[in-house]
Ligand SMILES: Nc1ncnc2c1ncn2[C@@H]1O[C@H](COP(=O)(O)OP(=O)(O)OP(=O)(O)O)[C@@H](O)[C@H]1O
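Coming up is one lone chain in structure tokens, specifically the form predicted on its own.
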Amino acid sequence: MLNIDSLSKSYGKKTILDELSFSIEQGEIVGLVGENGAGKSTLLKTLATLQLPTMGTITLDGMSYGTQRKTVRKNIGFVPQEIAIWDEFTVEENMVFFEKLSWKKKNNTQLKQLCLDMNLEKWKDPVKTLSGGMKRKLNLAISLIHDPTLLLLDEPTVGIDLKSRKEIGNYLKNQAINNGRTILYTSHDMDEIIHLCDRVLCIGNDPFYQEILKDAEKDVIIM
């Protein structure tokens, strides 16, 4: 379970996040929406331990971000919006490279299975030859090498084809239901948010998102 209490983040005099409080249960997929500049990426980076909050407390499965930061980090998978893989490497070489950086070790068979589970079969192909959807799948597979309990996804399907979006969505549902992963997911595609997520967090009092989610009969938390 991820628990956030009175979380604030400021840069100088500019407040980006203002006393946010919410929780996400194990095995739950929660969407995160809001207009550009509302603080979605800032929130994800803070939850990924990439930056410190200005105020507030965060715990993951009872572990404090403040006092157990290194342990917490081992349980987090973070997929940034920018694809962070080596274009000149093959899929296999990328997986092996990032496995060596991981605290949890996997053999080649296990690494390959991670890719196959989301229909990424081009194991020996250079990344530069892959479609955008395949690259997104590889980015996601890399984030799962160390079996995180919390998965933070910043627009993981932006700019890819419908087939790949659906395959990634189905894979994430499986991860939540069968492996108990807690998932926080941002996207500007409201159809994707509505169909994939159990609940939705909306940063900022934007009536556009609230109206769409109201019509979809989704449980929405306004922050």
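Numbers for residues come from their place in the sequence shown, where the first is 1. This structure is a prediction, so every number in the text was calculated from the model and none was measured.
Form predicted in complex with this ligand: not shown, discussed below.
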Exactly one stretch in 33-41, 191-199, 162-170, 54-62 has heavy atoms within 4.5 Å of this ligand in the predicted complex; which is it? 33-41
In the predicted complex, does Tyr11 come within 4.5 Å of this ligand, counting heavy atoms only? yes
If you check in the predicted complex, is Ile16 within 4.5 Å of this ligand, heavy atoms only? yes
Examine Gln81 and determine whether its closest non-hydrogen atom to this ligand in the predicted complex is within 4.5 angstroms. yes
Can you name the residues of 132-164 that have a non-hydrogen atom within 4.5 angstroms of this ligand in the predicted complex? Glu155
